[in-house]
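What follows is one chain in structure tokens, specifically the form predicted alone.
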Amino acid sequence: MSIVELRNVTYQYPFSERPALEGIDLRIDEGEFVAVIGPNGAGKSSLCYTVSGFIPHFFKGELQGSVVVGGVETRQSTLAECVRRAGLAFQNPFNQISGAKYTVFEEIAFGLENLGVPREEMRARVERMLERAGIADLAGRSPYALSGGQQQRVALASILVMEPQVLVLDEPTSQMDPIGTREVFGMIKELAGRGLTVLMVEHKVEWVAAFADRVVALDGGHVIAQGRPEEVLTDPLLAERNFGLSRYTLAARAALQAGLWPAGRRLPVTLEEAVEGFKAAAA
């Protein structure tokens, strides 16, 4: 069942020369984990803002087409109503910290306070989220005394604790090391398995290939490809447009041109696929 549906969506920021998004048609089913890739300026963040309702309620400009999230047209809702259906974690976690709270625990509870959640329920939900996000040891720390990766986890936890229908993530692992990245992807995949819908902008294509159900490629505000990770992430069109492809895909493509990759075998995206392919070539 579709929970996010964009129909012929075009959006242009005030005073800009061209649309940031143009003619976007996109459907996301409940519980689906969709990753969005693309070069800088492709429209990825604008897509996140559109799904979460920040466009048109915060960023003005001109929005055309239909954006339906959780069965409700975003233009017919307030921003407060939109973000309860689709929670957005910004690329820079510093921009998401409220500045109104002294500890990580209070920061994560801040949104629940605004919703009037009873104190005992609030405490239980925050404690569960601290454990799930792997930051229980930071509960008493100031949000401003954390590393970038730790702040990113706090920002993510502050969204998840609100229990939105859709989680929208704009490069949530940009400040994390490989261990933190794996943990966050694993947590998000687990939540998607429990019915949470995820739309994630991410440049780390090896992780996208391993965890996402579907990949959407954006360029110049247009969807130029979408489908299963192994199909989209090896599409020659992405290489032609200078997308940041997996190192394993690039190595195998070079090997194919040199006659060192098995003819007819799909190019790899992950390390495991690359190892299997080169073993087959050497056999």
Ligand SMILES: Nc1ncnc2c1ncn2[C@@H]1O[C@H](COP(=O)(O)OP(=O)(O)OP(=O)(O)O)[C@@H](O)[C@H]1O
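We number the residues from 1 along the sequence you see. Nothing here was measured: the structure is a model prediction, and the numbers come from that model.
The form predicted in complex with this ligand exists for this protein as well; it is not shown, and the discussion that follows is about that form.
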* **Contact assignment for this ligand in the predicted complex, among 61, 244, 227, 41, heavy atom within 4.5 Å** => 41
* Choose one stretch from 236-244, 61-69, 26-34, 44-52: the one whose residues place a heavy atom within 4.5 angstroms of this ligand in the predicted complex. => 44-52
* So, in the predicted complex, is residue 106 in contact with this ligand at a 4.5 angstroms heavy atom limit? -> no
* Asked: How about residue 264: is it within 4.5 Å of this ligand in the predicted complex, going by heavy atoms?
  -> no
* To do: Considering only heavy atoms, tell me if residue 20 and this ligand come within 4.5 Å of each other in the predicted complex.
  => yes
* Applying a 4.5 Å heavy atom distance criterion, does residue 16 contact this ligand in the predicted complex? -> yes
* Looking at this ligand in the predicted complex, which residues in 166-202 have at least one heavy atom within 4.5 Å of it? -> 171
